[in-house]
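Just the one chain here, laid out as structure tokens, in the form predicted alone.
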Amino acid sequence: MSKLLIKNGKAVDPSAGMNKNFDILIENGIIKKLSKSISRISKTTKVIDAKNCIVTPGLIDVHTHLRDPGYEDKEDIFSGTAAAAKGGFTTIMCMPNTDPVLDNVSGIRYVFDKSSKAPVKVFPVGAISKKLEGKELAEIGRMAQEGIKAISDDGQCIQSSILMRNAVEYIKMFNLVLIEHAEDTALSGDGQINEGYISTKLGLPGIPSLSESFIVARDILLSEYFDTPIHFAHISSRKSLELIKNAKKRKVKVTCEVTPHHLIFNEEYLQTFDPNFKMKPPLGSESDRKALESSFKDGTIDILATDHAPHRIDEKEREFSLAPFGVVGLETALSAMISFFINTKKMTWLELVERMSVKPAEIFGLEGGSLLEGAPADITIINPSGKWVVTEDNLVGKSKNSPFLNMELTGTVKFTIANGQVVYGQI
């Protein structure tokens, strides 16, 4: 029997209110024992000394673009999961905007089959509509039978209210969550950055925040009417947060996520025309950023997600208006949050781990999010004082389009353990 013993680490598990030193014994992929002190079981038991480290349930990212199949020059299942393991993630959910689109059983099986050899767990998200065209529902029921946890047309937004209604009604039968990329494309048009002073100053067409909040308002009404869970991806505006907060007070089944880049940066960073700050939804005003920060702190925002969106360097280095939207984030998310939120005392470890592990597992019905005995041995061991400079060379993913390039961040992953196996780090 394979055994692994983690000693001397500070265990942080919000699901159990745990925030103290514990030893953890792993046996056959399961947390077998949790105690203040555990002696080595046998000579064959491998031991990790986690002194001065934080030990958490494995991190979970519910919003990753692996680009596989179809865009493997940007990322593939193996390079993307290697990036995830380095970033401390033990489970990721990958979006369906691939080629072909993950809108049927064969596409879902392809991802499950290929990722079975990957270092971390991968759950594909099925498309809402066929080919992401927003015209006809995809094979949602059959994909649910294959094991998907959610559906989304991420990268696109369902513009048709009647199709959205049909999707919201339909998923009730399968216990799925609908993930919405909230964007009224008639309002966003050919916009490049947030509409406002900076867009006017730079002479770039703007995307009004109303584009997001308009769809958020519509979908809250649908969720409330049909009592069906809707999760809003990468929320970015103050108005959207007001709508979500009010909906939650009425017990509407809506949840939402925010990315590290929207929490940390604002539209001012776009004045250099650096396409690594070009994303959708766009970076908002400082007022929006502060609203995101406070809503993340108070729990209105449920989850931190990366929206890891790889693009080749030759694509991102084109003229700004031609560069694609999106940035990578699997390898920098944890370090960025430690640097800008933990070290500045804006958040506690319990709060951060809740949003990066416990809540994602809870909302999407995923295994994990716990260090209790009997839980899957998905564990992240973090050196909170470790420092590293983000460079293209030390990002293991295929694409390097990070807004954190050349920044020094604090907090490194020492070990990532998935299914009881060390998938990142050296014992």
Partner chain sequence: MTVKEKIIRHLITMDDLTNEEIMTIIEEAKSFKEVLTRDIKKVPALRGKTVVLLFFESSTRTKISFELAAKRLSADVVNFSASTSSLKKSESLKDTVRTIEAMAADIFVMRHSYPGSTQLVAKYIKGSVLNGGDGAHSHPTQALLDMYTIYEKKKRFKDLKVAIIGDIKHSRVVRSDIEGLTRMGANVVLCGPSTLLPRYIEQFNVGVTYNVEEAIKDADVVMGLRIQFERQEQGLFPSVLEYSQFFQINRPRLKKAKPDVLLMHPGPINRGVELESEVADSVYSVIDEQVTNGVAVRMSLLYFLAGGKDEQVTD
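Quick caveat: nothing in here was measured; it's all calculated off a predicted structure. Numbering follows the first chain given and starts at 1.
Keep in mind the form predicted in complex with the partner chain is missing from the figure; the text below concerns it.
Participant: The chain here is shown without the partner chain. Which stretch in 201-209, 173-181, 251-259, 219-227 comes within 4.5 angstroms of it in the predicted complex, by heavy atom distance?
Facilitator: Looking at the other structure, the answer is 201-209.
Participant: Leu322 versus the partner chain, in the predicted complex: is there a non-hydrogen atom within 4.5 Å?
Facilitator: Answer yes; at least one heavy atom of Leu322 falls within 4.5 Å of the partner chain in the predicted complex.
Participant: Is there any non-hydrogen atom of Gly196 lying within 4.5 Å of the partner chain in the predicted complex?
Facilitator: Within the cut-off, so yes.
Participant: Contact with the partner chain in the predicted complex for Phe273, defined as at least one heavy atom pair within 4.5 Å: yes or no?
Facilitator: Within the cut-off, so yes.
Participant: Contact with the partner chain in the predicted complex for Lys135, defined as at least one heavy atom pair within 4.5 Å: yes or no?
Facilitator: Answer no; every heavy atom of Lys135 is more than 4.5 Å from the partner chain in the predicted complex.
Participant: Which of Glu317, Glu286, Asp113, Asp73 has a heavy atom within 4.5 Å of the partner chain in the predicted complex?
Facilitator: The option sitting close enough to the partner is Glu317.
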